[in-house]
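The chain below stands alone, shown as structure tokens; this is the form predicted on its own.
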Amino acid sequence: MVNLLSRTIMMGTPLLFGATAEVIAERTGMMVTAIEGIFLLGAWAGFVGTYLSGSLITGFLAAILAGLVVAALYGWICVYLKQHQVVTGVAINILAVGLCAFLYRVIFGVPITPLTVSPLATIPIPVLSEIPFIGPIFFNQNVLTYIIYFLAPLSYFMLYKTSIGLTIRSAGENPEAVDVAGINVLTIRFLTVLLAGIMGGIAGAFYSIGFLGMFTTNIIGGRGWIAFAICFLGNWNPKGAVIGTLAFGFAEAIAIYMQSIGSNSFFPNELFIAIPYIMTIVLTVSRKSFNVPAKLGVPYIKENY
């Protein structure tokens, strides 16, 4: 049970990075539907940076840069050119798959054996990690997991207790009022998309260099979309994102555990791999009310207000 719960926290780490970034961006009215592609390119850049330099720090910086570039492209098209956010995101996601496969082949050719790097090591926190039951679950994790312990409360405080948070929420509810106050709505939206790119890049790199130590083009496998779903299942609130992340992290932990026992399980492995995706569909259909930002997905065109 301790191992299962510890893995729940670990597998929830990239989901909370992605979901929190999505909450902040969508509060301004911007659906970052390119999140799956941002995750994938973050995973690719993180692996390549680490493999070529031998440094995990370089890998994460490369992942952040990759996420930032993709987010900037998405933001420029959707915020400034006013193009459809869903269509643009889907196009970028498709492009990311092909781009990663192409660049991986260009850099490494066709390796006979999978290329690997040493993933992030766990860092037991002295004293706290020795607390019975709780210690191994919460205080024997890697550095990215420790960061998420602060991420949710900080993002909640920023959104609901600061003037920046008020501006962000207003940009998604009443952008005209923000504009009248002399604040550039487009800049606010573009900056939150860039933030989503940075955090999405880190989330993607978690899978390649924070957990597995390798890269394949299907390494993300829809987890970007799961983070996207957690955002609205959590009602565009960091608290809800935490709850959703724990639920999906637990589902992933169960899937990994059941795969590890292999043929000893009565049910096929594919069923457990599908658990997070089945959960996404079931929870989406079963939800009855959402606190959707009023201008979510609507481009801000000053002349229309």
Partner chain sequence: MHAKLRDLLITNMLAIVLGIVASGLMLLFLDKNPISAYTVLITSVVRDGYTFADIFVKATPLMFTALAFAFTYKANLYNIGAQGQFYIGAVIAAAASLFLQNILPGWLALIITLFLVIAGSGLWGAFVGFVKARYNSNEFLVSMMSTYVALAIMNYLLRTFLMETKAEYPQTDALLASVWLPRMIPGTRLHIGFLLAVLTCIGVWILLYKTPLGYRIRAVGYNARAAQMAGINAKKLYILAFFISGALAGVAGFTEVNGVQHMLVQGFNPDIGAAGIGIAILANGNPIGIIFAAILFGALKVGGTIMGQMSGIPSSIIELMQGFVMVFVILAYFVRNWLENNREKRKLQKAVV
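Note that the structure is a prediction, hence the values are computed from the model and not measured. Positions refer to the first chain, counted from 1.
The following text describes the form predicted in complex with the partner chain, which does not appear among the structures shown.
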Notebook entry, point to check: Heavy atom within 4.5 Å of the partner chain in the predicted bound form: which of Ala91, Ala72, Ile219, Ile148?
Noted result: Ala91
Check: Between the options Ala152, Leu120, Ile77, Ile125, which residue brings a heavy atom to within 4.5 Å of the partner chain in the predicted bound form?
Finding: Ile77
Note to self: If the criterion is a non-hydrogen atom within 4.5 angstroms, does every one of Leu81, Ile226 and Ile281 touch the partner chain in the predicted bound form?
What the structure shows: yes
Note to self: So if I measure heavy atom distances to the partner chain in the predicted bound form, which of the stretches 32 to 40, 64 to 72, 49 to 57, 251 to 259 falls within 4.5 Å?
What the structure shows: 32 to 40
Check: Does the 4.5 Å heavy atom contact test between Lys161 and the partner chain in the predicted bound form come out positive?
Finding: no
Next item on the list: May I ask you to state whether Gly98 is within 4.5 Å of the partner chain in the predicted bound form, using heavy atom distances?
Entry: yes
Note to self: Under a 4.5 Å heavy atom criterion, is Phe102 part of the interface with the partner chain in the predicted bound form?
What the structure shows: yes
Note to self: How about Ala274 - does it come within 4.5 Å of the partner chain in the predicted bound form, if we only consider non-hydrogen atoms?
What the structure shows: yes
Next item on the list: May I ask you to list the residues of 181 to 209 that have any heavy atom within 4.5 angstroms of the partner chain in the predicted bound form, in sequence order?
Entry: none
